[in-house]
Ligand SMILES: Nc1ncnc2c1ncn2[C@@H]1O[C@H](COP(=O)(O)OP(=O)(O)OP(=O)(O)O)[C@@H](O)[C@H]1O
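Encoded as structure tokens, the following chain is the form predicted alone, with no partner shown.
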């Protein structure tokens, strides 16, 4: 099966800023891969390199065996991209913009109009088809960009934070659409919304300060943690001894303990006696992200 492969891929913008640090990655071109990370983690940089708009400083990357540097033209025939910073062309309507993009890709005028209308309908923005893009809301502009990518025949779609600016209902509608699309296309998705990655992604990568900390599906990431339960303690907490697990501390002052089910029960009893505010839940993607990226304040026993 075709793959995206990165080998020691690095990008340095200047002497003091290493945006990507020796990324090694292998992805089958099916379903949804979601890259999660904080602002400045390097997500957009990786998308730009893979979509052939930015050269790496070191290492190499391939899409279906094609080198992103030396075979960029061939790759662009296979991909569609919605960049994080992109905006629709203000003096064009959504229908004009999408159909023009499709004709540029080689579709006939008639097919371009048909596909643009279908994509606008899928995103629920047909009523804005003939309105100037500069008069649209920020969320609708994002939908127009996603519709443009969807309307193409690209089997590889890069979406860099596509739901930013969308209201919860519109975001949910886009999720439903991506769940359908991933059956026939590969979607490389970056997002700030961990719930979004948890719902949509078949595989997830965690990026922090340019380093790829871990990759896998939810089950694999949970196994890498080694602890199925999370205890979140609000506010200050007295010293507590854990028999098995790991403690991390959030910048907002709360304490989190990742541990086994048996240990979670024992610690829960202690915290109840202390009248401490806490919650116990199975490990979520938010917990996994927190676990891999936050500063540790405890040692594994």
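Positions refer to the first chain, counted from 1. As the structure is a computational prediction, the values presented were derived from the model and not from experiment.
Absent from the display: the form predicted in complex with the named molecule. The rest refers to it.
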Problem set entry | Interface segment, criterion being heavy atoms within 4.5 Å of the named molecule in the model of the complex, picked from 31 to 39, 262 to 270, 239 to 247, 56 to 64 | 31 to 39
For this session: With the named molecule left out of view, choose which of 192, 224, 105, 76 has a non-hydrogen atom within 4.5 angstroms of it in the model of the complex.
Result: 192
Exercise. Of 100, 84, 126, 170, which one comes within 4.5 Å of the named molecule in the model of the complex, counting heavy atoms only?
Worked result: 84
Problem set entry | Distance check, residue 14 to the named molecule in the model of the complex, heavy atom within 4.5 Å | yes
Problem set entry | Residue contact check: residue 19 to the named molecule in the model of the complex, 4.5 Å heavy atom | yes
Exercise. Are any of the heavy atoms in residue 161 no more than 4.5 Å from a heavy atom of the named molecule in the model of the complex?
Worked result: yes
Exercise. Even though the named molecule is not shown here, does residue 45 get within 4.5 Å of it in the model of the complex, heavy atoms only?
Worked result: yes
Exercise. Is any part of 91 to 105 within 4.5 angstroms of the named molecule in the model of the complex by a non-hydrogen atom, and which residues would that be?
Worked result: none
